[in-house]
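In the form predicted on its own, a lone chain appears below as structure tokens.
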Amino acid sequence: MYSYFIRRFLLMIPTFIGITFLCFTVTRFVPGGPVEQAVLRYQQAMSQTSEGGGGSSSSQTTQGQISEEMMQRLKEIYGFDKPFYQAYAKWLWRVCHLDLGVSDTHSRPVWDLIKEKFPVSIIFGLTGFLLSYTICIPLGVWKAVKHSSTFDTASSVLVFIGYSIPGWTAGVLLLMLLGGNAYFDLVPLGGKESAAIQPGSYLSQYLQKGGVAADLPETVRKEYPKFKDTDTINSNHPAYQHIPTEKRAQLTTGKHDDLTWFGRFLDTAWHMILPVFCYVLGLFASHTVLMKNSLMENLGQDYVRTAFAKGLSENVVIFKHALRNSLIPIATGLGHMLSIILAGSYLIEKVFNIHGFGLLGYESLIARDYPVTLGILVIGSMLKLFGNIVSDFLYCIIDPRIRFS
């Protein structure tokens, strides 16, 4: 078995090279890349300058042209001055040294951008993942036990309705229905926390004590030059102790950071309701049906009939013997838990304006920000490859009969 996993780890190397080489090659030949966009921005700027300053059409045409030297310089800046195989070898060498490059759009290291999005994607992805398995496994078991009953039929209708609706489509419909006050105003329209808490709102009762920056002494104000006179300072901020006691009061408005820890928890949970529901929707149907069919198949096996013939109770036969073998197909999803948690969903995060890993990937694709796109590809592909190995390892744990020899 050890030799099997060693071979699997070694096979990750050519697989990773194949995935990244194919995608890297596509970025070199697809139209509308960063060089073309830079040329377009230059031509638009020159066109606006010509319109503002007048001039003949021939001079405008001349101003909009790009010289060979400038074009060559742009290609060098964006890494398009070498053949694609040489550029790929140089990029792969940097990746091996944990250097994913610098974003063309944000002008920041790709690692820094990705690390900022990890906490958001972990919160939403892990919550959705745990909820899906917590709900789907018991529901699938109960549907298998109550096969062909009214409960099985009714739940199957709901399961297949959920399976037929993409998560991002359900998100759009639910936002129109439950948010924005078009019909109801029960959930926020997006984001992961409240940007402003209004007086009289439910969260306003969890605001901390605080004051305004205008009440700070001048010597303290110099230490915080970004403060405006109207900015609120809550009791957790170091500058709060410098506010005169008579100026301190219970805040009536504020931001997410001005809430107590319980208020921040409620605010985050309030923003997570719809996105997590949309995350779970797709996994809910497939995992429930998979669990039910797997358990029903095992309940028809000879060892189950033998267990019943020995006089074992139904609960012991189902939960001690049949359920363990039925969890083997479900274990395949557990191996990809990291990729599901971190990668998120491009469209769901776009619909709910969640600044996570998925939205970063979506925006980088639209903006042709290839360093970020390839950086996300590196992380996503590595997580997927490791997930496959973890799934095989979980097979061995769940069913000792499985041996990779």
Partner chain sequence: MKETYENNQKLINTIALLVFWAAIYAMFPALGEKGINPDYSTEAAISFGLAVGAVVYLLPLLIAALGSFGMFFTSPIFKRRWRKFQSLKRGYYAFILIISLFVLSFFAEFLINGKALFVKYQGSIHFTLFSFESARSFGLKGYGVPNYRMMKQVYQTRNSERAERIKNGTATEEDQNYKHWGDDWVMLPIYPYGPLESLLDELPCRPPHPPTWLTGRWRQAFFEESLFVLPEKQPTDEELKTKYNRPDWVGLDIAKLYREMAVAGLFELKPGVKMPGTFQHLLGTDDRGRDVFARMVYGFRTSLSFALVVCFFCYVIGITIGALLGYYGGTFDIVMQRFVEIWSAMPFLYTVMIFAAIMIPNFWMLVGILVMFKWMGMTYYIRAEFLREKSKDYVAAARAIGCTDGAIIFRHILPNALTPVISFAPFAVVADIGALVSLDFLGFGLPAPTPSWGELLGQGLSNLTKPWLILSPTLAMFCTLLLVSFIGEAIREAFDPKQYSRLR
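Numbering follows the first chain given and starts at 1. Note that the structure is a prediction, hence the values are computed from the model and not measured.
One more form of this protein exists, namely the form predicted together with its partner chain; it is left out here, but the text below deals with it.
Residue heavy atoms within 4.5 Å of its partner chain in the model of the complex occur in exactly one stretch of 87-95, 107-115, 279-287, 300-308, and that stretch is 300-308.
Proximity to its partner chain in the model of the complex, defined as a heavy atom within 4.5 Å, singles out one entry of Phe265, Phe319, Tyr183, Tyr202, which is Tyr183.
This chain is drawn without its partner chain; in the model of the complex, the residue among Ala239, Ile165, Leu334, Val212 with a heavy atom within 4.5 Å of it is Ile165. Taken together, the three residues Gln198, Tyr206 and His355 all stay farther than 4.5 Å from its partner chain in the model of the complex, as judged by their closest heavy atom.
Contact check for Leu251: every heavy atom lies farther than 4.5 Å from its partner chain in the model of the complex.
Mapping the unseen interface onto this chain, Leu173 counts among the residues with a heavy atom inside 4.5 Å of its partner chain in the model of the complex. Using a 4.5 Å cutoff between non-hydrogen atoms, Cys396 does not count as a contact of its partner chain in the model of the complex. Within this chain, Ser381 lines the site of its partner chain in the model of the complex, having a heavy atom no more than 4.5 Å away. Of all the residues from 359-395, those having a non-hydrogen atom no more than 4.5 Å from its partner chain in the model of the complex are Gly361, Tyr362, Ser364, Leu365, Ile366, Arg368, Tyr370, Thr373, Ile376, Leu377, Gly380, Ser381, Lys384, Leu385, Asn388.
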